[in-house]
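Here's a solo chain for you in C-alpha cells, the form predicted alone.
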C-alpha cells in the first residue's frame, strides 16, 4: 500500500465534505449504536467480533468526518471520538469496507432508525478510490473493462466464434434453420447484454435467452462491440471510471438505435446501469432499460411463450441477488416465473428482500485477498440451501452463480445452479404445442 500523503488525504476528504449533501450529513450523524444491525450482517454472523458489526463501519467513517469537517472534531477531537486519517486508519478502513462488506443492504431495514449503512460504505470506498487505495485485484478487473470493453478481456473474434457455434446449437434445439443470434443489427426492439462470464464460462445462458427470444418472436440483437452489463467501478467507488464504462454501453445502444436495453441476469450490473448510470452520466436515458427477469415474466404473462412445469419436477429453490431484490425491488417477478415453470418450488428462510447475501457481492469475487472470508460467510447460504432439500438452486445473477457454484463444491451440496433464463428455456413449450389445465402437453 502506497504511503499516505497530504494530497491523498485532501482528495479523500473531498468525498466526506458533505456541503449541501443532506443525505450524507444525515446518515453520518444518525447512528445510535443500538447494535440491532449486527445479526443482519453475514460477516458478523460468520465472525462474531465487534469490528464486523455494521455500526462499527458507520462509526469509523463518521469519526473521520468529525475529525476533519466539524468544528468540535478539529478543536477537541478526543471529546467526540474523532480519528485521524493516517496509514493505520487507511489499512483498517480498506479491510472493513472492501474486505468485510458486500454492500448487500440487509442491515438497512434492520436499523432502528433507518441509517443507510451500505450507502456510507460506498462513500467510504469512494474516499479510498480517490486516494488510490482500491484493492489491486478489483482494480485489475476494472482496468480490463476500460481497456477492452468487457471485464474478461474477451476479443471480438473469440466472442463471435462462440456465438456462431451457439447459433448452430440453437437451430438444432428449436428445429428451425432460420433461428439466429443477430449481431449488430440496427433498429431492433431490444439490445441484449451479457455478463462476460457467459461467453467465457456459461454459454448455455446465452443459448437459453436466444431460444426464448426466438420462440417469443422478439426483434433483438447483440452487439459485438459492447455487451458487458457489469460495472465493477460501482464496487470500487471510482465514479469517473464507472461513468466511462456506463458511457460505453450507452453509446452502443444509441449507435444500434435500439428501443430497449435488456440487462442480463446480473444484480450489480442491473443497479449500476439502470439506477446509478444516469447519475454517472448526469443525464436521462432516451431508451428503456429493464432486466431479463422482467421481460421473461412479461412473455409468460402475455402468452408470448408458454411453459410447462411438468418438465422440471425436481425441488427448486431461489436465491435472490441483493442488488436485484433488496435494493432493486425486483423479487416478485422471479417467483411468478418459477411458480409457472417448475412443479415443486420451495422458498429459503429468510427470503425475498430479507434474503441472506451469498457472500459473492460487493466485488468479493474479484478480490482474491478476501477469499477465506468470502467462503466463510457463504457457508450461511450453503446451510440455507441445504435446509430446503432442493436439487436445483436458481438465481438471476451470474456473480451469485459463481459464488453458489463454489459453495456447492466446497460444502458438498449436490445441487444444480441455474439462471432464470435456463429454467424458462428448459420448461418452454414448442410453438406447435400447448399446455392444458392438467399440465399435460398435447399436439395442436
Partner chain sequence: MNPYLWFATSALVICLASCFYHFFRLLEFGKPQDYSKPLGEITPAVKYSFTRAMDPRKKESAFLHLPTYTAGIIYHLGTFLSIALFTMFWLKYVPSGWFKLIIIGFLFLSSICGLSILVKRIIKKNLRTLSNPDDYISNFLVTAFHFITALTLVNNKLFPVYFIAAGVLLLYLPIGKLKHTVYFFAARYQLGVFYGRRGVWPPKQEGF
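Being a predicted model, the structure only gives us computed values, none of them experimental. Residue numbers count along the first chain shown, from 1.
Unshown form predicted in complex with the partner chain; subsequent notes refer to it.
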Exactly one of 373, 214, 271, 188 comes within 4.5 Å of the partner chain in the model of the complex through a heavy atom, and that residue is 271
None of 251, 136, 284, 168 but one has a heavy atom within 4.5 Å of the partner chain in the model of the complex; the exception is 284
Is residue 418 close enough to the partner chain in the model of the complex to count, meaning some heavy atom within 4.5 Å?
-> no
- Message: Taking any heavy atom pair closer than or equal to 4.5 Å as contact, tell me whether residue 84 reaches the partner chain in the model of the complex.
- Response: no
- State yes or no: in the model of the complex, is some non-hydrogen atom of residue 384 no more than 4.5 angstroms from a non-hydrogen atom of the partner chain? no
Query - the partner chain contact in the model of the complex: residue 61, any heavy atom under 4.5 Å - result: no
Within 4.5 Å of the partner chain in the model of the complex, do we find a heavy atom from each of 149, 228 and 392?
no
With a 4.5 Å heavy atom cut-off to the partner chain in the model of the complex, the contacting stretch among 177-185, 324-332, 199-207, 360-368 is 324-332
In sequence order, the residues of 275-309 that place a heavy atom within 4.5 Å of the partner chain in the model of the complex are 275, 276, 278, 279, 282, 283, 284, 288, 294, 297, 298, 301
